[in-house]
Each structure stands twice: as C-alpha cells, then as structure tokens.
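Shown here is one chain on its own, the form predicted on its own, set out as structure tokens.
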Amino acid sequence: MIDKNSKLPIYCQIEDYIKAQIKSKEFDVDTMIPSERELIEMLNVSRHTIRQAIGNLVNEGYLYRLAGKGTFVKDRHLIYKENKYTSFTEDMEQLGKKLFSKVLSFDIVNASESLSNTLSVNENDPVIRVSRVRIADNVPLSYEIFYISKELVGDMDKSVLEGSLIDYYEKVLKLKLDHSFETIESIAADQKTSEILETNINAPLLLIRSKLYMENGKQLHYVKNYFRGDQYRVNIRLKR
C-alpha cells in the first residue's frame, strides 16, 4: 500500500490511496474517512505525513472538515449556488478542479430574427459566435455555444476563450455585470454532443440556457451550455 522505498513522497502515496478509495466509493460522498489515528495505524506512517496528505486533499477539493466531527469526502460534481451568479471557472475552482478550455469555433455572424430576439440586438447586427469544450480534470464536462453582442465587446481575440470569459468582461473590458436569467432542462445526448462530451448517445445531459445582463440593463451574451449529467450537479439555496 505504502512503499517507503519509492521515489514518490509518502504523503503523495497517501493522497493517491485516498483518491483511489474515493474513486472506488470505498470512501463515499459525505461519509467520514478514517481518523488520523486509524490512518497512522493502517498505513504505518507519521501523524505529520497524514496531516500533510489530508490538508492537500482538502485544498484540492477532495475532502472537507467539520469541526469536532472529522474529515469527509466532498462531492466534486456538486456546485453550490446561493443567489449569486458565478462563472463556470469559479465553480470549478470551488471544487478544486483543474480547468482547460478547447475552442471549437470562433466567428462573426449577422443576427437572424430569432437570434436578435434572444440576444436583444437588431436583426443583421454582428454577433460573435463561439463554441468550446470545458475540460475539468481531463474530463470533458461542458459544451458551450456563446452568442456575444459585438457592439458591447468590440473585437475579441480567439485566445480570450481559452480562459474565463467573465474575467475578460470584468477585468479587461471593465464591464459591470449584474444578473443572469437561466433556464435548466434535462435532455438526452445526440450524436454531436455525445462525441464532443465523450459520452454515450442518449446519455443524460443538463442543458442550461443563460442570458447575462450588465448593470445598465443591456444584455451581453446568450449561451447554451450542455453539461454531462453524470459529472455535474447543482445545489441551489433559496431563502424565503
């Protein structure tokens, strides 16, 4: 289990062991993992090494601590929403996942009548159309199709889409974002989405349509976001 002759540091071996137990569901979501003392006896390592490994896994989003109770397995597919708009990048940071974006297409189109209504622009106005895959911890998690008002963002380099679009709006363009309207529905993966998201045809997907608005009331973008149902869940807190 732990090879003290290995070049891999012992704390890294412990992390790999716990991750493997989580993956196999020996340590299931929201269940408490063995205590420090139990792990010390089980793995024959020092308390300091156990604490280092556990601390790293907490920071990476695999575990969470409850004071006076112990350390528990975190659901790394569950996003917590509390009446606040957060970007996908921020959601993945919350889960401790490493995110990579792969741009599939990037072009300028003239708004059709349907798109002009959806994006709140005039018919034939130039619109930036983008499609990309968001890959979290090497798993294609989300397939996004964006329509962005070119009037509001001007010329945009394709490289921007490899990072956080919300960061670009706020930190580079200095736009003041205010709120979004989102519609959520469950659908089955078709041939195209199943290939892009590397899942089976008819696998469950979560489709979220979102309209993002600025403080001045103008709509900035419209996005259709296809999430893998086996990899993405949302917990929404609503206060009466």
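Take the two forms, superpose them, and find the largest set of C-alpha atoms that agree within 1.5 Å; that set is the rigid core. What you see is a predicted model; the values in this text were computed from it and never measured. All residue numbers refer to positions in the sequence shown, first residue = 1.
One more form of this protein, predicted in complex with the DNA, exists but is not displayed; see below.
The DNA in the predicted complex is approached by T49, whose closest heavy atom lies within 4.5 angstroms of it.
Taking the partner from the other structure, the DNA in the predicted complex has no heavy atom within 4.5 Å of any heavy atom of T183. Heavy atoms of R65 reach within 4.5 Å of the DNA in the predicted complex, making it an interface residue. Contact annotation: N44 falls within 4.5 Å of the DNA in the predicted complex, judged by heavy atom distances.
Heavy atoms within 4.5 Å of the DNA in the predicted complex belong, among the stretches 22-30, 66-74, 184-192, 210-218, to residues of 66-74. Although the DNA is not shown here, in the predicted complex the stretch 1-29 places heavy atoms of K4, P9, I10, Y11 within 4.5 Å of it, in sequence order. In the core-superposed comparison between the shown form and the other one, D230 has its Cα shifted by less than 2 Å. Relative to the superposed core, V58 undergoes a Cα shift of 2 Å or more between the shown form and the other one. After superposition on the rigid core, the Cα of P204 moves by less than 2 Å between the shown form and the other one.
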